[in-house]
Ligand SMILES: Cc1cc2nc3c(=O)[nH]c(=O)nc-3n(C[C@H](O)[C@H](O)[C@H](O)COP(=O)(O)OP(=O)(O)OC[C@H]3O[C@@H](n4cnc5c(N)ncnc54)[C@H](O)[C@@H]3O)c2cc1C
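The form predicted on its own is given below as one chain in structure tokens.
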């Protein structure tokens, strides 16, 4: 039977208390909420924290609302809560697309969006979605809060800019897009992505793409973003030909690795195809609400 190494445990009473505990116990401390990534890694001893700080009582980190032109998601929002939010689904449809294909109901009921992005797994679904949407992470430490663009949040596989004595408290999504979509290929329902693409677009009345965000998951894209494909598409007509071209550019600039989920060439092909599909889905949603028609 696989068991974790020995560790200590404390339950945080507030955000400030959690940050104080993180500062006191040092870099071998980990925060736990849903625990669906951390606990399995601890059982395999791939992670061996000396202290776990439970933040499940921090209800102030939950909540979904809109303010100042942003959809604001507390870091403790459970996946199931985000999937059930009609407001979030109407404003940013790709979030529901992504949540529907994350694991299973058991995981979605306990896992948190903050935990998912802080895990920084290269195959994690929401990282590409938030990066495509140009979301901002709000991070709190002893000296106050700071904001970091999600495109600068990830520093490598399983690594983020969150310091040892800091806590991710909120994700803020600017409501610039008029349509968005997320598409994924996995080996079985709810599995980690073989490849996935997220797309958000804003269309002008002439049908041109005025702004675009493209996120890629599990294919080695820097910051989970296909920046070159975005640059190509901006200002062009929202049509299948341009979406396919943008997909080809995205595929060209990603760096997938061969693993048990497939060879690198297959993943690169998926990156291009899924990018084109996500863009088409995002544009269709934009047009369905009358954006881009004039």
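Please read these numbers as outputs of a predicted model, since none were measured by experiment. Numbering follows the first chain given and starts at 1.
If you look for the form predicted together with the ligand, you will not find it shown, but the lines that follow are about it.
The ligand in the predicted complex is not approached by residue 93, whose heavy atoms all lie more than 4.5 angstroms from it.
Taking the partner from the other structure, the ligand in the predicted complex has no heavy atom within 4.5 Å of any heavy atom of residue 220.
By the criterion of a heavy atom within 4.5 Å, residue 75 is counted among the residues contacting the ligand in the predicted complex. In the predicted complex, residue 181 stays away from the ligand, with no heavy atom inside 4.5 Å.
Shown without its partner, this chain lists 191, 152, 211, 84 as candidates; in the predicted complex, only 191 has a non-hydrogen atom within 4.5 angstroms of the ligand.
Figure note: of the listed segments 98-106, 172-180, 196-204, 84-92, the one touching the ligand in the predicted complex, with heavy atoms no more than 4.5 Å away, is 98-106.
Contact annotation for 33-67: residues with any non-hydrogen atom within 4.5 angstroms of the ligand in the predicted complex are 33, 34, 35, 36, 37, 38, 55, listed in sequence order.
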